[in-house]
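The chain below stands alone and is given as structure tokens, in the form predicted on its own.
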């Protein structure tokens, strides 16, 4: 687990998202799927964005990259990348940034790699678009260099292969090489990059992310539903629920003392070591994430919360900065933080 995120936040962040609200167009009116999100990623920092499926994580990432689906739109907010508001930048310039200074590693590379093109062609094509001054031989050499950097064995031979000829782990490494091949990525967005991989390969890919981030001093937004992944890689974590951030904290602080009941539930659902843990059922959070189209009054988590009181159903809580440098969206966070701490001390 990486700690001490304070140093990377002293300078202006690479990514600074403020009050971002995203909606899908619907005949009955816009349906908000991301609501007033504030999130920053500092220079050289790995920030984890965690939450259940349907919480709005991936659509948030697509808004940053300028790849929202046609039926979605940003209603309000600011997306600042290296000081420039991407909402005010012409789409052609955003496309040029994407793949050059901003890059994406997708969840399943088979959906992003072209099955009809050889690996070498797909890698060099990125350089043709973003680094046209590089000649053909140099592009091929760069492709081999990147495949070697991300741990692909026999990189020269892989150039002639097609995606279906590679294992899932190798395809993910190719996707990482493709994201970084231009050599000047400032922000890497990794959207569930290990979900489709077995546990052993997951660990290798996460180690690779950390190593590359340290070598290239790039910033990473790591999107996942797995807090275990966050614990291995990130410095800060933002917990998203129903399109809103409910808690933001340093990873060490969040794991040691969660303040929001949803965060507590996610942590409780993680497997624990020991014989007792193997013989018992893992706790779960009852219910599901509410539909974005459902009428909302009060706290979005209220229907699933074991600590709900009357005000939770009547008034939506604000994302409140605490004295410990974190933010939390809960009417009872102070009381519950103490209760969680006491319970953990006993157990």
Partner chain sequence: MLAYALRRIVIFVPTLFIALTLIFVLTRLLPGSPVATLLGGQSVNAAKIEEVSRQLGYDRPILVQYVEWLPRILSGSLGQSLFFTKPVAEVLLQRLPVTLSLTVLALLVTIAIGIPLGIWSAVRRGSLLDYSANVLSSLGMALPPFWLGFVLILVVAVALKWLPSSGYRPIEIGIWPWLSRMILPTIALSLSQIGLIVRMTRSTMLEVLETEYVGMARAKGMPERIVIIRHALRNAMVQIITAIGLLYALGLGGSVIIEQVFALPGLGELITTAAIRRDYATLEGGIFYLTLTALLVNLVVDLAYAYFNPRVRLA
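Note that this is a predicted model, so its numbers are computed, not measured. Residue numbers count along the first chain shown, from 1.
Keep in mind that the form predicted together with its partner chain is missing from the display, and what follows is about it.
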Q. Want to guess which of 140 to 148, 67 to 75, 215 to 223, 82 to 90 is within 4.5 Å of its partner chain in the predicted complex, heavy atoms only?
A. 67 to 75
Q: Check whether residue 128 has any heavy atom within 4.5 Å of a heavy atom of its partner chain in the predicted complex, and answer yes or no.
A: yes
(Q) I'd like to check something about residue 136: if you look in the predicted complex, is any of its heavy atoms closer than or equal to 4.5 Å to a heavy atom of its partner chain? (A) no
Q) Applying a 4.5 Å heavy atom distance criterion, does residue 178 contact its partner chain in the predicted complex? A) yes
Q. How about residue 184: is it within 4.5 Å of its partner chain in the predicted complex, going by heavy atoms?
A. no
Q.
Please identify the residue among 104, 249, 242, 246 with any heavy atom within 4.5 Å of its partner chain in the predicted complex.
A. 104
Q) Using a 4.5 Å heavy atom cut-off, are 305, 309 and 332 all in contact with its partner chain in the predicted complex? A) no
Q) Within 87 to 102, which residues have a heavy atom closer than or equal to 4.5 Å from its partner chain in the predicted complex? A) 95, 98, 99
